[in-house]
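This document opens with one chain alone, in structure tokens, the form predicted on its own.
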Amino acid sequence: MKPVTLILRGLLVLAALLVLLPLVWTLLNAFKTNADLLVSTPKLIFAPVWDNMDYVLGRRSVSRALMNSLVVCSYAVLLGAVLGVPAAYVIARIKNRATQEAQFFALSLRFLPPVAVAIPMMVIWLGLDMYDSRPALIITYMTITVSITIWLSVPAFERVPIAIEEAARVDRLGPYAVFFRIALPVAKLQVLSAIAFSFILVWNEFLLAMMLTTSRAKTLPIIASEMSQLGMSVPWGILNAAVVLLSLPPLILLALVGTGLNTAFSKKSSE
């Protein structure tokens, strides 16, 4: 094996360790007592306890916030995909000034700081008597999911060979059939990755949820942040348990997407 290959593999292993170390450390701390956490020398060998997880899972506010996060993020991602994926296909296939402006507008939504979106949205939802509600949060989150889905799906559809679509039109397939039966199956892996990324962004969104909710529609990041206290009485074990609970859905989704990508790539290589 070449020295350059060994160096590159070593760098990849080091990068993987740097990414995994905080996750593993947070998971370990979630099962420690405060006596094991507040020591000068970190403990790697300790008696695990379930008290922190039991406290987090036993709180009614956590279960309500978890349900709010699941409902709001799922609907925002689903509606964002329904609107964003066809729009990305149109932008990829029809090249003119209007589609270029639409693509830039989708990206420009991500340029805005969250507070620039939250303040006008808060005024709108207060005027419509929809403040602190799931529908208001879903529509607001769609500014994230639609823009991300469009921006990341356009290159996926651009890589679909036009010759395949032209052959489908020769076989008398209409534009909708070409999209659903030809273009979308070919680009599905990249599109699914874009949708998964949009889910992660809205799942971890904090500022919008903080400014647009007070009690009924609070999401899990807000509740997790409320578990911390000032001074030396910070419940680090409970805080780490909340972070673990907050991280599980995105990690499970990434694992499923990664498994799907590996399966698809292995099938292509075998062919």
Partner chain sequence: MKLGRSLPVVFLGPALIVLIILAAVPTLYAFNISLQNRTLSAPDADYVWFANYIALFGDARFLNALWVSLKWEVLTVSATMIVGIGLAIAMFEAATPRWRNVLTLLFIIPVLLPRVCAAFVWKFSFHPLYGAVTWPVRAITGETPDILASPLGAMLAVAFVDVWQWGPVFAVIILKLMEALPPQPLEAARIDRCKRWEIHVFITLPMLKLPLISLILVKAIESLRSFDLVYVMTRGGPGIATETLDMYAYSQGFIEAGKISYASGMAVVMLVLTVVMFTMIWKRLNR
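This structure is a prediction, so every number in the text was calculated from the model and none was measured. Positions refer to the first chain, counted from 1.
Keep in mind the form predicted together with its partner chain is missing from the figure; the text below concerns it.
Engineer: With a 4.5 Å heavy atom cut-off, would you call Arg93 a contact of its partner chain in the predicted bound form?
Structural biologist: Yes, Arg93 lies within 4.5 Å of its partner chain in the predicted bound form.
Engineer: Within 4.5 Å, heavy atoms only: does Pro48 come near its partner chain in the predicted bound form?
Structural biologist: No, no contact at 4.5 Å.
Engineer: Is Asn29 close enough to its partner chain in the predicted bound form to count, meaning some heavy atom within 4.5 Å?
Structural biologist: Asn29: yes, in contact with its partner chain in the predicted bound form.
Engineer: Please run the contact check for Thr41 against its partner chain in the predicted bound form: heavy atoms, 4.5 angstroms, yes or no?
Structural biologist: It does: once its partner chain is placed as it appears in the predicted bound form, Thr41 has a heavy atom within 4.5 Å of it.
Engineer: Among Tyr55, Cys73 and Arg134, does every residue place a heavy atom within 4.5 Å of its partner chain in the predicted bound form?
Structural biologist: No, because Tyr55, Cys73 and Arg134 lack any heavy atom that approaches its partner chain to within 4.5 Å in the predicted bound form.
Engineer: Just one of Ile119, Leu78, Met130, Leu189 has a heavy atom within 4.5 angstroms of its partner chain in the predicted bound form, so which one?
Structural biologist: Answer to the contact question: Ile119.
Engineer: So which bits of 3-29 sit within 4.5 Å of its partner chain in the predicted bound form, heavy atoms only?
Structural biologist: Residues within 4.5 Å: Val4, Thr5, Leu8, Arg9, Leu11, Leu12, Ala15, Ala16, Leu18, Val19, Leu20, Pro22, Leu23, Trp25, Thr26, Asn29.
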